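Quick heads-up: it's one chain on its own, the form predicted on its own, in structure tokens.
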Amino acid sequence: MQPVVLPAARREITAAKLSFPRPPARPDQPPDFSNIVVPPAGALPVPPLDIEAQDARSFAVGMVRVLDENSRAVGPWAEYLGDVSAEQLRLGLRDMLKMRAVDRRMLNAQRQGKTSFYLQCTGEEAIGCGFQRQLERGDMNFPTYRQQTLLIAADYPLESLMGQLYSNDLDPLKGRQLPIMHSARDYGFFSISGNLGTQYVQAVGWAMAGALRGNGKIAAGWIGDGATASNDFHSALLSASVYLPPVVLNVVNNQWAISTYTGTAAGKSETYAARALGYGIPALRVDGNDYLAVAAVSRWAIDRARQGFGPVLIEWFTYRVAAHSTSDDPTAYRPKDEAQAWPLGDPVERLKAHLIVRGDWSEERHVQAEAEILDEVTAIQKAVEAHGTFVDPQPISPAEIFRGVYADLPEHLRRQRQEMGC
């Protein structure tokens, strides 16, 4: 048999080339968000709670927005949210202002060497604050290390939050977790894991257990855009699509995973929300800097899960204004003024403007509220620092390392404790 000889044109081999995602602008370039399409507020309807994934595409690739360019609440989602009282909105604004004040004070404390590490959530305050206010007692968040907003909006004591950051005797975890890795289950805040993505499968498992017990509670998983590249993200989606537990799966797309542009994790997918559709899970994409949109979609998603219609994924579209952490220098990988160019604005300023348009707030009251909240946070911080910081440590008894580990202390550890004289 004679070998088949291909024509010369078909024998030519073109070497494969790799594609490397690039951010829209480098540090020495002007910010560029021209690729982001911002739809008008009120464009998307409110879907039925029992919507199926095949009917959710417009929500997964679009964007739910409530506040328009004139700071007014418009459209079906505003109607779904109902007549929100001025006091509820002022509470949301105060939650965000308190979070921003805590961020500012703790960043300063880290720079002064009083604590080792801190992560800010500047620019993302509306997401956690708005979501938490829609939950019920007994529901459980499975957060990342940038969801302090959930604790603030749950009225978690600042003494405990800051004590954990300083690892002094006010730390509920007694120094057993890195700073910002809180655990407050009584406040619906599950222990943070340093391994990215693990909380997603934990949220699905907790929701499954709740459904088996019939306790009527829901779980909320949280993940950043970068960590969606982890295996646990996909494992959680698969398990959720199989067992249909009462879980809300949140993706906070803040455009940057440490110093890596979001395009590296996104690949060729249209949106992170669209990925859920392939697992048979409905999903929505939301303006994460619009407090009213956050509150409305959170209420809808939580109602859907609680009423037994299964899981839902929400992509919160936002921007990480601050550095990834106190160990990061964002000027090395993005323009210094990129945050100012972000097309969805600042969540605090947008809610403030809406309240002013309603006649329920003013610039003067806002300035006063900022000052009062900063004074409150500063006073609590000083009281907490009196219990010890890295600059002025207050030694804790070595006996603490033996407590809270074993229900019954093993004999060899009992002997070690005695040898230490404690």
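Residues carry their position along the shown sequence, with the first being 1. Only a predicted model underlies this, so the values are computations on that prediction, with no experimental measurement involved.
In what follows, reference is made to the form predicted together with a small molecule, a form of this protein that is not presented.
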query: Contact residue in the model of the complex, chosen from 309, 189, 256, 206 - any heavy atom within 4.5 Å of the small molecule; finding: 256
query: Listed residue that, although the small molecule is not shown, lies within 4.5 Å of it in the model of the complex (heavy atoms), from 338, 287, 225, 95; finding: 225
query: Candidate stretches 237-245, 77-85, 126-134, 143-151, one within 4.5 Å of the small molecule in the model of the complex by heavy atom; finding: 143-151
query: Non-hydrogen atom contact residue 196 with the small molecule in the model of the complex at 4.5 angstroms; finding: yes
query: Distance check, residue 299 to the small molecule in the model of the complex, heavy atom within 4.5 Å; finding: no
query: Interface membership of residue 90, the small molecule in the model of the complex, 4.5 Å heavy atom rule; finding: no
query: Residue 304: touches the small molecule in the model of the complex, heavy atom cutoff 4.5 angstroms; finding: no
